[in-house]
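Below, in structure tokens: the form predicted alone, a single chain.
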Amino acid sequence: MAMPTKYIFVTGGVVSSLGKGIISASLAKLLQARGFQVTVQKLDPYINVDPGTLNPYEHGECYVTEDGAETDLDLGHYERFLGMPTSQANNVTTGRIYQSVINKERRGDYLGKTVQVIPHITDEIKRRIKLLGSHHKYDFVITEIGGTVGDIESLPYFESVRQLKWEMGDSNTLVIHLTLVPFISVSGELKTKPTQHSVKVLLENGIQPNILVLRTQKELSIELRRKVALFCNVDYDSVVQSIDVSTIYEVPILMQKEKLDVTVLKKLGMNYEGQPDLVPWKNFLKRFQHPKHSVSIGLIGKYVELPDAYISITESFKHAGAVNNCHVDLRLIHSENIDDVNYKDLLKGLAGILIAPGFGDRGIEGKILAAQFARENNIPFLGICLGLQCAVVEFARHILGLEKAHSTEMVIKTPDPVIDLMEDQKGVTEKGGTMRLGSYPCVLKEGTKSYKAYGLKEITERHRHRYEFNNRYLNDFENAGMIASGINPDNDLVEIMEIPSHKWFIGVQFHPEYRSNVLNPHPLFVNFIKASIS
């Protein structure tokens, strides 16, 4: 008889941004390294249906899954740690929950009953939580609940967890509560009172945590751990320290030392003998922490004040850097600060230039100048999504002589729309979930730098955009020295443009950063760093 799926809930208290996603991903990695099938999902309390319409300043990067879901950036962490794709089912928002319940009510599914938070909203939340366990053969589903305990918008989620624990029993469910133990520098003390209050609020919601993970700047003493265990009604070995580290990739190693995986398995009545196989992970960490080279790469974007807006790109550089035994000194440069007077001074000294994705015309001319600087000075260049489009506009203006060339996203009546709206996007007025989203195939042209990077003829990559290269101009571009090295075989859309005469100049319409993970760095990033080192 197959073992039932075990459900682990990761909640947070005291303050937000303590790293529930990293703890969830780290525990998942440890269980996976023991041979278990594991997935992680995120429940987000905000009422947006998904983060696709959110400004990156609001919520950081919008991550895209293989099946085209626009999701929370924590799903990127899950994929980077586990090396496995997530899906629409791995991210649930309050907006999606209410949308589903209201649609059922409109259809008459509730047979005229009054629709309420309990049981209708909580039943829908529980259904979404159990969906992954029922449709796949997972040993563990780890569910991270966004926000902090006590938030009004999170209450239905905590009530759903309480109900699931009651329905499934302690042998199939477990709650890990992540809190902060602040260090008061004036008195030189670590304080446990915020943790005690946080657990009290959780108890008021009917949930007794099984394990406490304490974020801290300083080592926790045995006495402090005993105090927390006593006051919060958990076992002493269930008080786990999560001390600040220099990189998130150290956290699985720390959690192994703290025996988080062993404690989880014990509490769920499962075999905890042996050790997780973390040799490949430790090899990555060794290369990452002890590089032989260093390169300065300029990331040109317009959300650089919030690094989380480009988190998949910055993490991809870490993965690719480690493969090349190289520290990537990533310099975030605001494209609005680049103009035709200062761009040479701002960009000189960079070994490589990446133009980041984005929407809208703010800062667009700065990105175009950065593409020009990389092309004219033979500096390795990678353009992603809008980055490709800026490189195309720059080439059209300065090589093809089309001085007013642009994208119709920025200048709708440009005489030379080298980037234009996709045919099936014309007439679309809604913003949410209406782009080309998810994985699409691409055929690479043999002998190109893109082909050499991948070592494959056919690839699939994830997309999130509306505007495309205008094929009316393709012959002109190729005759002038910028070629289409990757084409979508189903509709002939250009996926990759590159300049063969350049040291390394590639623009891609897709998002390679979504497919890079710790043990499988993306080949384009790997080759971009290699070209930048040389």
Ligand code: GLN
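Start at 1 with the first residue shown and count on from there. It should be emphasised that the depicted structure is a prediction, and the values quoted were computed from it without experimental measurement.
This protein has a second form, the form predicted together with glutamine, left out of what is shown; the following refers to that one.
For the options I313, V161, L386, I125, the residue carrying a heavy atom within 4.5 angstroms of glutamine in the predicted complex is L386.
For the options G366, G146, G358, P252, the residue carrying a heavy atom within 4.5 angstroms of glutamine in the predicted complex is G358.
Of the stretches 488-496, 463-471, 22-30, 43-51, only 463-471 has residues with a heavy atom within 4.5 Å of glutamine in the predicted complex. In the predicted complex, glutamine sits beyond 4.5 Å of every heavy atom of D416. Glutamine in the predicted complex is approached by E409, whose closest heavy atom lies within 4.5 angstroms of it.
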